[in-house]
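There is one chain below, alone, in structure tokens, taken in the form predicted alone.
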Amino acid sequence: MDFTISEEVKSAQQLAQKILGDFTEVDKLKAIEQQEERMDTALWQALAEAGLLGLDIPEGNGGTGLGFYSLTTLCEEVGRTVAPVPVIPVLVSAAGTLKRFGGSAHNEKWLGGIASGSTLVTAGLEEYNNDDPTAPASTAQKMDGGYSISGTKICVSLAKSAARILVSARAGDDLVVALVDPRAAGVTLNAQRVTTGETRHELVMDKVQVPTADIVAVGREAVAAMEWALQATRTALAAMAVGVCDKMMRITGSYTSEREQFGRAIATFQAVSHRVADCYIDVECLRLVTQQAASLIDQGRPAEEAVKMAKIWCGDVTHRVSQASQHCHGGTGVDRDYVLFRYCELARQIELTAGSSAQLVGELGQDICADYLAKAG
């Protein structure tokens, strides 16, 4: 598979590096961290004006139409700078799903505003002990003019600021994908603090009335939509992890080249150099499996196995690189006036979001076994 990045995508990635670098100095990050919802609205608007929020949105809806693969390069750069912007829940989980499964009415209503930065549509894909949106515990009941939805979603980003929240619910034997208004009657938002220190929300729905205009898909189309959303979200998390881990590795390499012990830079010690070299190998392996998954999704080809492999590598690599970085830094790594801790917290958050490595290894093993038994007859 050819992983050569096109000039258009490369230019978009370089532009993202420039803008994100300008907005993510330590003092700016500290200021954003004092907010309830950690979103740098000025940075979000700068990304919108540069056309970067519309990378995976069609030109007819105000985007640039470069596709999902290009969007993962933006996710990588956001990870590299730990930028406080909701690229995954808004641009991948919500907008990406609406683009492919929402139809022209939803695209015209929502995608233009998302691309311009004037509208936020987020997603609630996870429930307690369940990160599979194709099999939710939430329920939907058909009624005149739409559906009544009840259930709970967790760790919803920007729930208070969003115009709508994309959710799935079970209506008998059918699956329903809907856009829930967080200000509708029957909705309760409870603050939840996640690993990074960011405030997200538990979305509790008690017979929330969702009009037909806000129903995205029903039945098989809804299942396909949630399968895509889950695969795309996992791949985007892996792409963000590439940026996070690459930066942690480089911070560690720089620190160990300057830190001296016994009259020598500790980077010259074999044990240290081997740890950093292992990090480099891990990051490049994660990059390759992530690019494969992103490329398959971008082409509309079957990607389930590739995505699971990417997310398994994502969980393992974020853990190993974070641990190695802290080990090589000694006590300096946990100093909150030093930059590394933000990367370690985000790495841990990504590791446990949308399925852990242990869980996905088990699922992948079951898939391989089922495939073998099917072929064996």
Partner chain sequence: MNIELTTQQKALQMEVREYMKTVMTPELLEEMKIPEFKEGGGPEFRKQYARMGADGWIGLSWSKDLGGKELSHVEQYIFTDEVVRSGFAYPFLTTEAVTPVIAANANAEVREEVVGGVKQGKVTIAIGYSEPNAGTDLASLTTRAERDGDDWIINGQKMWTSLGNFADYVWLAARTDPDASKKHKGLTMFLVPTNIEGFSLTPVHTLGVRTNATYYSDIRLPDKYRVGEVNGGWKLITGQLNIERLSLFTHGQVASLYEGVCEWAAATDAPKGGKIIEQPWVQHNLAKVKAGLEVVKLICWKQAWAMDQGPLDMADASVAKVYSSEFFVELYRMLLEVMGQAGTIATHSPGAVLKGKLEFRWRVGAVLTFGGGTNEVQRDIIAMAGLWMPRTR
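Residue numbers count along the first chain shown, from 1. Worth saying up front: this structure is predicted, and the values here are computed from it rather than measured.
Keep in mind the form predicted in complex with its partner chain is missing from the figure; the text below concerns it.
- Using a 4.5 angstroms threshold between heavy atoms, residue 288 counts as touching its partner chain in the predicted complex.
- Among heavy atoms of residue 223, none comes within 4.5 Å of its partner chain in the predicted complex.
- Among heavy atoms of residue 143, none comes within 4.5 Å of its partner chain in the predicted complex.
- Within this chain, residue 299 lines the site of its partner chain in the predicted complex, having a heavy atom no more than 4.5 Å away.
- Stretch-level contact check against its partner chain in the predicted complex with heavy atoms at 4.5 Å: of 200-208, 274-282, 96-104, 235-243, the positive one is 274-282.
- Site residues 26, 51 and 64 are none of them in contact with its partner chain in the predicted complex, judged by any heavy atom within 4.5 Å.
- Interface residue among 257, 161, 148, 152 relative to its partner chain in the predicted complex, by the heavy atom within 4.5 Å criterion: 257.
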